[in-house]
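Next up: a single chain in structure tokens, the form predicted on its own.
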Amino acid sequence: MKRYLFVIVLALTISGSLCFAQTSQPTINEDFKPSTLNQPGKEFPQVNSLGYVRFRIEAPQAQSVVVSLGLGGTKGGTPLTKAEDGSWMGTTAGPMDEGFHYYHLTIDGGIFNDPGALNFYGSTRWESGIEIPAHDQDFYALKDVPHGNVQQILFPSKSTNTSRRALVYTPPTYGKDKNKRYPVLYLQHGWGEDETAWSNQGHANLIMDNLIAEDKTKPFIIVMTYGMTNEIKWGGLKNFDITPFQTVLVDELIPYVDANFNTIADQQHRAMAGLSMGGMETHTITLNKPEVFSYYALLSGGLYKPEEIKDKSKVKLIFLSCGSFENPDGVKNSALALKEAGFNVVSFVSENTRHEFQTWRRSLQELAPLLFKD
């Protein structure tokens, strides 16, 4: 009888172990499709319906190929395995977060971009990019609606002794009525990025087009320029001097935009926002120059304290946001303190996102309808 019971217990233990092993292994749907950010005609990388990413790299002479897009392997990378045809293939160990991600390849110790993917400026270099379809991607989808225009401008900068570049979004109605003037949002990128980030990675223009088409926001101009941040080494924020960029923005770019576009050129119709280090720039410049901006927005870019703002009457709105895996309590507590001090403040936490563009896309979608409502 004891032996019989032992056999039953052993069988149940083995059965339980097998069940655990089976349930602990994720099921990977084999419905992989080429990423929407692939080079024309390239089949890889591919993304499946669960958010797993599969790579194929042709490097027959290589000894090691690792993809920096996390989940699996050493240092958060995905190691690829060499196939019989000399190519290297592999799939992330788990699903990636929804939205846009930078990545690169490490081949025998050297860093390279994926020849199958489009490149985007981030981490102070052009990196490969991939898009994991999001459940709420409709708000930045390319739709059959009237579209605005994103144009490059070159403006003179005496302080830097050069011409500098900015990208300017004008809404679909811009120019149809020559007498109509528009408010302006100055929108800053993060560390390692440049003025192309908000339109290329963030889809700011499509977000605005869709909101305007749905009559959810007042049309306004968006100006995006390089924040002069990338000269600072990662982790060296304490060494960043805001003065050169503040001079470029306030004394050179804003006057140029007001002179060359149909803007409402006053403090009450001017906003500044930024993501990450661009939020730090926004925080500092709005406090230094309260006569220039009346709407402040920090997207994963720090917080305001009530005592920092000397003249409450000059601030129409403070917007604070972050991903739910960042600092949601800090954002909520800061917003509460500002409200108690009498400020008009709105906070937003993007669910299930980190320090990434899906957080900032959602933040812009929430912010835009709040701007220039008067």
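Note that the structure is a prediction, hence the values are computed from the model and not measured. Numbering starts at 1 and follows the sequence shown.
One more form of this protein should be noted, the form predicted together with a further copy of the same chain, which is absent from this view; the next part is about it.
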Practice task
Spot the stretch among 274-282, 92-100, 287-295, 172-180 with residues whose non-hydrogen atoms come within 4.5 Å of a further copy of the same chain in the predicted complex.
Solution key: 172-180
Handout entry: Residue among L50, A337, L317, A59 with a heavy atom within 4.5 Å of a further copy of the same chain in the predicted complex
Key = A59
Fill in the blank from the handout: Residue within 4.5 Å of a further copy of the same chain in the predicted complex by heavy atom, from I264, A134, A213, I107, is I107
Practice task
May I ask whether Q39, H147 and L154 each come within 4.5 Å of a further copy of the same chain in the predicted complex, counting any non-hydrogen atom?
Solution key: yes
Problem - Q201, heavy atom within 4.5 angstroms of a further copy of the same chain in the predicted complex - result: no
Practice task
Considering only heavy atoms, tell me if Y256 and a further copy of the same chain come within 4.5 Å of each other in the predicted complex.
Solution key: yes
Practice task
Report whether the minimum heavy atom distance between L142 and a further copy of the same chain in the predicted complex is within 4.5 Å.
Solution key: yes
Handout entry: S163 within 4.5 Å of a further copy of the same chain in the predicted complex, heavy atoms
Key = yes
Problem - Sequence-ordered list of residues in 111-136 near a further copy of the same chain in the predicted complex, where near means a heavy atom within 4.5 Å - result: I111, F112, N113, P115, L118, N119, Y121, T124, R125, W126
